[in-house]
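As structure tokens, one chain now follows by itself in the form predicted on its own.
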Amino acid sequence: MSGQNETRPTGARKGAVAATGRKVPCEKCPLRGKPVLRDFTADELAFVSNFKSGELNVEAGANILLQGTNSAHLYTILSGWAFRYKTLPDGRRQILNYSLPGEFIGLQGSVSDEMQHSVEALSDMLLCVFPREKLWNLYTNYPALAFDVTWLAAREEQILDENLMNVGRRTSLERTAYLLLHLFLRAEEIGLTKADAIQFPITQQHVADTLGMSLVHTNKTLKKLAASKAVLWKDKLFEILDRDALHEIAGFEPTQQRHRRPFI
């Protein structure tokens, strides 16, 4: 298997340290068997195993991809959380989306000369590393996997559409409730929650930078949300106390996932 001499991927800052060889073979991937994720055929599993060049350990706070650079790698998250963001020249940050286990990052660099956003680790992470130069083999020889990549890109667009609606039209209380519920449900479907609680790796500053609100306004809004008795968020432990009430505050309409979603 390849990956025995893996080096740090282009665009990753200090804090991203490549693992030696493969500690998690594709055949024993912890994401396989998750009810929300589709399984590979034997041929697809063999291809993905060959496609993968190794693994990457990333420390919380490190950048995996940097705006303005061109990374030679793509990644699937095995464990940990990350967020995509853009910065203005004066340093102001807009968080675009969050990435959880099973999700694919770095695809934008395949169609652009350079990344138009950065990706930072919210927590310590383990990533599967794929050479971008081999991506064409997936499209030419494995149409089902190629469709999966297209599906993942479309899902990212759908999430961004919802986030734009959230920031543009919902009130500060509605948008805060929506963001927290949205992140909780994504974590829940991948098995990261326990009952109605989760240890969120995000802070109030992350919420503010996602919703385009000041930190003071975010703090006041979170206190108002807590006063509704729909949620409790203390010392990073986030708990939904009344799911129906949170859905109502957020204006969130739940949808049924009809098919198991893909991952690479």
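Numbers for residues come from their place in the sequence shown, where the first is 1. Computed from a predicted model, the values in this text were never measured in an experiment.
Although not depicted, the form predicted together with the DNA is the subject of the following passage.
Checking 210-218, 34-42, 54-62, 191-199 against the DNA in the predicted complex, the stretch whose residues place heavy atoms within 4.5 Å of it is 210-218. Contact with the DNA in the predicted complex, defined as a heavy atom within 4.5 Å, holds for exactly one of 67, 204, 228, 49, namely 204. Screening 94, 79, 172, 123 for any heavy atom within 4.5 Å of the DNA in the predicted complex leaves a single hit, 172. Taking the partner from elsewhere, residue 28 is found to have every heavy atom lying beyond 4.5 Å of the DNA in the predicted complex. Residues in 27-44 all lack a heavy atom within 4.5 Å of the DNA in the predicted complex.
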